[in-house]
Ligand SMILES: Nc1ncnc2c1ncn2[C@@H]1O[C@H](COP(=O)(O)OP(=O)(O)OP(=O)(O)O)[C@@H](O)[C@H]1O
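The chain below stands alone and is given as structure tokens, in the form predicted on its own.
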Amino acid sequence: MFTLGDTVEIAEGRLRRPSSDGANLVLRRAVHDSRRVRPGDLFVALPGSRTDGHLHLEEAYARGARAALVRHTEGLPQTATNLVVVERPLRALYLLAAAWRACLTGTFVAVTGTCGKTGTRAVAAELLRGTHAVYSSPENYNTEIGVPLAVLEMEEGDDVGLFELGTERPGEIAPLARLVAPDLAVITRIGHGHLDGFGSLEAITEEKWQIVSAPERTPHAVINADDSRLADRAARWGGALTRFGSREGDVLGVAREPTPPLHVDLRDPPLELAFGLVGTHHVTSILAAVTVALELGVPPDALRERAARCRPQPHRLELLDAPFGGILDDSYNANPESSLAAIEAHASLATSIPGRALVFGKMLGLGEESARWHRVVLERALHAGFDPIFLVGDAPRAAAGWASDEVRSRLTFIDSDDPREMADAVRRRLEATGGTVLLVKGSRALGLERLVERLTS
């Protein structure tokens, strides 16, 4: 990253409480969570809905922070030195990220879409490693805060950078796309996530398309040709374009059941790839990642070996052992498309464990469509034979209002949000089974990963 002196200049700030090593101090990276600070970091004190970063400077410096972006110095601990005072720390963070992006010469790949962003990024990283020095943005750093932090973490020696761009409401993708300025812009699919912020799938499509149209330098677009909305939007665009899909596209491939491993047969180039992933719906992310790898010159023969290294990301259809059989942990987040895909993935499992059960948590952000989609998912789970089904939250409970007594015998309503109480309820219902694989699915805000931790410990 930058020296402290350059940081002050780029951020348009004023240096207060300088340390003895002064402006020549080189900062490692920028961090906004004091719990994640490592020695040499720049801590960015951002105000938030739950807390204010200025309240956590003591912890940040105890963990090794060497400087901080702050709005003021009043009341800050004396251990906090090299304070770069700015009017708006988030704006200063963007200024730093934009300046660092201008210093980097690698190929930038940005991924957006309702589903499959993280899967595409993770698979692409594995397929590219060995041919390229790859930087892959951490965890879910795809927001207005996460993306600039991710850009600042990329190193000058990295020749490919992989980033995710997320959105919950109109106008969020464009500034992220301008910041990242991707050479390759990937759109995985359009779905019903965050309908409360957009109102329609057409609005979501236009927002996602900003990853292609917003940057000053037009990127090469990589889009899912099986998605009719993306295909229609791409037909009205005259830039460089590569399409992938199972039915249409320049890169064609189909998935085979059961999984894992997930076998994907490519038509051109003709290859059979095996991934350590659960669920044929992963074919969208895989084909997007394969397209990126081919565009960046990875030899087809290398794809076969590298595909075998791909494993699920934490809490994204991760198959775990449990005392009652197993858990298919897909607790990271939920929308209608990903929930239906998780149910199908469970059905495709190659396992000798006979039972199938589901924890179905509320899907947030669906607006007026919420009741309909919760019923659709619940009915699909019942039709797929899940028994029992644990319902968490008011929307799944309301979706069961039509159920007959026979159907209700397969349902367990969980009112508590305490992971220990939830785990006890699940164990009591599953202990009489002859072995069960439990699918756990719900929106991020429910924190169902804590239930998974209880059930596997």
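Start at 1 and count along the sequence shown; that's the residue number. Source: prediction; values computed, not measured.
A second form of this protein, the form predicted in complex with the ligand, is not displayed here; the remarks below concern that form.
Taking L179, A255, A341, I173 one by one, only a single residue has any non-hydrogen atom within 4.5 Å of the ligand in the model of the complex, and it is A341. Put simply, of S137, N82, T259, T118 only one has a heavy atom within 4.5 Å of the ligand in the model of the complex, and it is T118. Contact annotation: Y332 falls within 4.5 Å of the ligand in the model of the complex, judged by heavy atom distances. Using a 4.5 angstroms limit between non-hydrogen atoms, H281 touches the ligand in the model of the complex.
By the criterion of a heavy atom within 4.5 Å, L317 is counted among the residues contacting the ligand in the model of the complex. Proximity of E207 to the ligand in the model of the complex: non-hydrogen atoms within 4.5 Å are absent; the residue sits far from the partner.
Contact annotation: the ligand lies within 4.5 Å of heavy atoms from the stretch 333-341 in the model of the complex, the single such stretch among 346-354, 333-341, 366-374, 73-81. Shown here without the ligand, the chain has only K441 in 426-457 lying with a heavy atom within 4.5 Å of that partner in the model of the complex.
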